[in-house]
Each structure stands twice: as structure tokens, then as C-alpha cells.
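A single chain, nothing else alongside it, follows as C-alpha cells in the form predicted on its own.
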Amino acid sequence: MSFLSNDVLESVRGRAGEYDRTNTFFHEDLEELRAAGYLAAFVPQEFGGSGLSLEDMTQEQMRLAGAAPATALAINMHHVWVGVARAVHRTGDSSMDFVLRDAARGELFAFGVSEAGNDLVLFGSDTRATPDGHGGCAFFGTKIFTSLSPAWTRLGTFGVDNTDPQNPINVWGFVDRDPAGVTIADDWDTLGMRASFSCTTTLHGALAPAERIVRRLPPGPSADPMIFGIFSTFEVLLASVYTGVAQRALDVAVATVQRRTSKATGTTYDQDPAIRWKLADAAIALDAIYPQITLAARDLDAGVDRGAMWFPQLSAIKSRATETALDVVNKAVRVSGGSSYFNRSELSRLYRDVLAGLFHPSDDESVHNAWATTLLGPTT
């Protein structure tokens, strides 16, 4: 049984075009999703949530993305932090249990990780983490693509503590939405995924108290359960969002060609062999993505150890899903005719939204590098 009702999804779908047109945040969607219990859907029942599995969440995020891609993408970030806390808790480590309790109480979690020009992503930061003398840290730096900017109440972030220059430490913690330490720019005006409002966020002394410092790790790649939890949950749920976008585009294209009539032949375009081939080709490619997402989510839920293969395989799922989604939406636009070029067309919006998949980690270059290293070893 699905968690989000069809009524909720149709309500969300009805607002997506206006949010995109006016470049506004999805406040109404957020309240409706909150009322439906969706912010706590992924929280284990023992912490007050509904206890959905990661596999369950992939299906819900696909459905939500089909209704409103930007809403699904932004809510993804909250679900990722919940998923990370779940993964850490499963190892017997309670350091992130507060995330689960807070999410069940209605707190909204966002990611303050990405930085301009920083391709180290999870392994290094230009942000400074300054110890406060009481076990906490104040963060100083600028984060980009911070989804949920108008509404988040907790920001997970990290920076580098250089107290000992010979032994820098990556410090991960959660800060409150406090204007004394956080400034959010009004700079989100993008090609697509507009309602996500992923604004630039400046941290100028944003404090994470001792009880919300969750990791101190050496810079560089790490097998720490929190880092793996971020990477795995992010890649699988992100792939789910773009797969949902692709499925919606395919559905719209099918409905479009069934009602459009050719002046040349007098038949509907669903009888045109070239259009039938394109849509079949798109459906075949998309069909291959679903089992990959499902199996990865199921294995992560079950704690299956794929060893060193997890990282390249997860990155490949994300890359394959976003690239396939881009191809599917492109084919949907091609067969639907010139009306899809107008901004009033849902396909026009989906075409712009799906492009954002190119910019999320792991990018195509890093995926290929990871697989080359796995197959051939590191370069010399």
C-alpha cells in the first residue's frame, strides 16, 4: 500500500506549475506532506515514525517526483538525513538518534555540504570548524545548493578543524536556523527544479552544540557508517526522484500521442511507427532502472555487505538513472510535438527539471573514475 494518497499527489501536482512559473517555494506542499505524516514516514516506529523502509521510500519518492519534481527533490534531503541516522543507529551507535526523534517531532532537516568549486564533496571542506571550548563547534563558510532554504529548521553541515595544522579534522554537526550564525541568500533563480529553493547559505559562527556533533574524521575517503549512510541513501533516493520524473514524462507523452491526429494520415500519432519505436525505446531503457534501485535499497535495508563494490555500484545507479531520465524526457518531448516547447506544457517543465540530475554527485566523470579504479587499480 502506498503511503501518500492519490488525493495528496494530485493536490501537489496542481501547484507544481505555478511554483515553477513564479519561482516560489512549495510552502503549501510542505504543509500538506507534513499533515500526511510524510516527514516522519522514514523514521523507525520506535522513534515515533511510520517505519517505512528505504525500498518503500524509493517508491514514494518516485510517485511524488511524478507529481512535483522540485518538491520531491527538496524533501529528499530531509529523508536522506533520516536515512543516515537510521543507518548509524543500526550499527549500535546512538550519536544520531536525535535526528530521528527530531524528525518525528516535525523538525525539517537540510544539507549544508556542497561548496562552490569543491569536488571533494564529503571528504574535504573550505568551511572552518572552530571548537567552542565545550565540545561543540562554530562553522564559518559558504554552502551552495541548500535545498529547503525557506523552511529548514536543522542544517547538517561540516567543516575542517585546523586547531592542529598537522592533523586537520572534518567535523560534522547540526546547526539551528539562527540568524546570528546563518544567512540565507535570495539567489535561487534557475532553469529547473525552481520550487526546491536551494539557496546559498553563509555560516558565520553557526553553532553546533556538543550533543549535535556527530563525527570527527580525518579528511579524505572514509568507510565510516555515517559517510556511507549519506552516500548510499542520497544516491538511491536521488535516482528514485529522477526515475519518477522520467516515468511521468513517458506517461504524458503516451497520452499526448493517443489524442493527437495526423493531418497526413488521418490517424492518431500512436499509430506512427517512428513514434511507437521512440516511446518503446524510452520505456525499455526506463524499465531497466527500477530493479537496480529496488535491489540496492533492499540490500541496504538488509545490511548486505557488497564490500568495496558498494561505492561504484551506487554511483553507477545514480548516473544511469539520471542519464536515462534525461533521454526518456527528451524522447517524450520529441514525440509530443511543438506544444511541449511552450512553458505552459508540463513536458516543458519536466525537460528543465530533469537537467538538474547532471549536477548532483556523483557526476559522470567520477563514476567512470571509480569504476576504472575498481577494475584496473589506481593510476600511477
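One rule holds for the numbers: they count along the sequence shown, beginning at 1. Predicted model, so just to flag it, every value in this text is computed and none were measured.
Below: the form predicted in complex with a small molecule, not depicted.
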Requested in this report: Select, from the options 159-167, 284-292, 138-146, 218-226, the stretch whose residues sit within 4.5 angstroms of the small molecule in the predicted bound form by heavy atom distance.
Outcome: 138-146
**Report entry** Heavy atom within 4.5 Å of the small molecule in the predicted bound form - residue from A308, A180, A274, A116
**Finding:** A116
Report task. Select from the listed residues T71, S232, S198, S125 the one whose heavy atoms reach within 4.5 Å of the small molecule in the predicted bound form. Result -> S198
Query raised in the report: Every residue in F98, A103 and A208 with a non-hydrogen atom within 4.5 Å of the small molecule in the predicted bound form?
Result: no
Report task. Give a yes or no for V175: in the predicted bound form, does one of its heavy atoms lie within 4.5 Å of a heavy atom belonging to the small molecule? Result -> no
Query raised in the report: G244: heavy atom within 4.5 Å of the small molecule in the predicted bound form?
Result: no
Query - Contact label in the predicted bound form: Y269 to the small molecule, heavy atom within 4.5 Å - result: no
Query raised in the report: Contact between A356 and the small molecule in the predicted bound form at 4.5 Å, heavy atoms?
Result: yes
